[in-house]
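A single chain comes next, written as structure tokens; it is the form predicted on its own.
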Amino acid sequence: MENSDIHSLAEFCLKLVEKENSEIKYTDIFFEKSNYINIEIEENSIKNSETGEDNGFSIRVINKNGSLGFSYSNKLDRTTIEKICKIAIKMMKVATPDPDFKKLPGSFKNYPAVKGLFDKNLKYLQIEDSVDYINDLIKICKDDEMAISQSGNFASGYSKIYIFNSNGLNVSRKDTSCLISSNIIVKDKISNETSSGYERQVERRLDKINAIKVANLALEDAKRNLYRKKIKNMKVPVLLTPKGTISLILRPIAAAVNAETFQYKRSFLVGKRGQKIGSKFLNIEDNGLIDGAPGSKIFDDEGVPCKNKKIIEKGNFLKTGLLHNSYTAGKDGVQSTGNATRSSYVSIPSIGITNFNMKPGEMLSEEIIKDIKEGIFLDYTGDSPNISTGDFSGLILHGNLISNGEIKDPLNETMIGINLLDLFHKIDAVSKDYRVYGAFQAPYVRISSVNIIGGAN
């Protein structure tokens, strides 16, 4: 449908709701038009490919008591909209009142200018052209004598979103994204030992995707974890790779500063706002305004302008460090931070990150490694910290021993245990180089001293 059709339907919907029920205080309407391509590989060959569209709309209605009704449809016509509006109003009438619901956002005069969020090459990409990226993955695996199998995928998408509400909000944006991933298994033909490695890349522009680099990094990761050895218990420095930094620092903090989690007191950072929770090397922000970044947006999924939000500065958890949508912001008596997010038009807004970044340091990762006489190089653990308490105990699935400034044997049956607040205070070095994985930007991070439980005791 054309833009004029969408605006006409939105106006029709708002007037219809106002006419149907005078008790309704707020209404918001979310339209989404999207198309996508997805190609998957298993055992180093294409197993599934699909392309499609998903267009639809949803409506939220909230009365003076905070009772909410929600309904959606993938048909965009006046008859369907009238039916969906009536369903939402019926749901609102039987919903539980919520005094914590204060208001929806109003209209905004200015929105930030963020470049590089739309690529016409992705909008018009055909599935036959996408296969070239998959073939690059397959070739890297096929040409290596130790690689025995690979799974992975290429995905691309284009979407256009329209948001309207009864406060006069009327905004739209268009976005593109693409992803390439590789999970390669290698095998030593003599010992028959196997290992796997994983890598992915998410971009806004098609010309930035490098399938060959992604597959080679996955292959390198797999080979680095062959010939695993057990070690004894030790208390040594741990160097987190960017993936490790995301697992043990960025993702837990992102969950802990989610205002909904915080308000329900399910965060290990409750009671810590305005306090020092880490070393001076811990600097975190959620920046939705980075040109071309995967998580950047002009506005969130309620129409609130995105911005750069400081979370932690020099180890201090800022009093303004929570991420809000309009509901949690109203509950706390503050402004929304522009972090409302929807999985699609079929969901109501929750809270999500944009580009959640840890500020890089001044040393290269190679220099940090050379400074470690004995330590652990931690890339991946399949376990997650307890967000309520901050406690973490997990198996190191991808990690290596560091000896005399060099990465040595990969680890087998090795565990790590630490509380996150203790980990944050023990950060004593952060690398200048970093990696971007989707919405996370992560450097290498050294933890001065951690208890390591080995399987050789």
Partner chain sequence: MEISDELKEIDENLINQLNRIANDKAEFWDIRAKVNNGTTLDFINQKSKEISSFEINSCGIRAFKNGGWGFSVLKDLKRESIKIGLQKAIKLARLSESLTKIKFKIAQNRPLIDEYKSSRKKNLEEIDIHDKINLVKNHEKIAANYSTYVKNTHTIYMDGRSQNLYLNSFGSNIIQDLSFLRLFCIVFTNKNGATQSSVNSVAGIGGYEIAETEKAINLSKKTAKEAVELLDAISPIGGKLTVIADSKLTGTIIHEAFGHACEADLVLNNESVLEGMIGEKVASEDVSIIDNPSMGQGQQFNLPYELFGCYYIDDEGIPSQKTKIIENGILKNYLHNLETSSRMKVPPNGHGRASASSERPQVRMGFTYLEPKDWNLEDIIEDTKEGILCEDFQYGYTDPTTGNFQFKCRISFKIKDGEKKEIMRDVSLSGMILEALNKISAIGNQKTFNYSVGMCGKGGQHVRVCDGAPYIRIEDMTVGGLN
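Rigid core here is just the name for the largest C-alpha set that superposes within 1.5 Å across the two forms. Residue numbers count along the first chain shown, from 1. Since we're looking at a predicted model, the values are computed, not measured.
This protein has a second form, the form predicted in complex with its partner chain, left out of what is shown; the following refers to that one.
> Is its partner chain in the predicted complex near all of Ala113, Asn216 and Gly271, within 4.5 Å of a heavy atom of each?
Zero of three within 4.5 Å in the predicted complex.
> Which listed residue (Asp188, Asp98, Glu82, Asp371) meets the criterion of a heavy atom within 4.5 Å of its partner chain in the predicted complex?
Among Asp188, Asp98, Glu82, Asp371, a heavy atom within 4.5 Å of its partner chain in the predicted complex occurs only for Asp98.
> Which one of Ser166, Asn183, Ser172, Ser279 is close to its partner chain in the predicted complex, taking close to mean a heavy atom within 4.5 Å?
So the residue touching its partner chain in the predicted complex, by this definition, is Asn183.
> Mark Glu260 yes when one of its heavy atoms lies within 4.5 Å of a heavy atom of its partner chain in the predicted complex, and no otherwise.
Yes, Glu260 lies within 4.5 Å of its partner chain in the predicted complex.
> Heavy atoms within 4.5 Å of its partner chain in the predicted complex: does Ser49 have any?
Because a heavy atom of Ser49 falls inside 4.5 Å of its partner chain in the predicted complex, the answer is yes.
> Does Asn451 reach its partner chain in the predicted complex if we count a contact as any heavy atom within 4.5 Å?
The answer is yes: Asn451 has a heavy atom within 4.5 Å of its partner chain.
> Would Tyr72 count as a contact of its partner chain in the predicted complex, using a 4.5 angstroms cut-off between non-hydrogen atoms?
Contact with its partner chain, yes.
> To test your reading of this chain, name the stretch in 361 to 369, 73 to 81, 335 to 343, 313 to 321 whose heavy atoms come within 4.5 Å of its partner chain in the predicted complex.
Result for this chain: 73 to 81.
> For 185 to 207: residues with a non-hydrogen atom within 4.5 angstroms of its partner chain in the predicted complex?
Contacting residues: Ile185, Thr194, Ser195, Ser196.
> Return yes or no for Asp77: a CA shift of at least 2 Å between this form and the one not shown, with the rigid core superposed?
Yes, Asp77 moves 2 Å or more.
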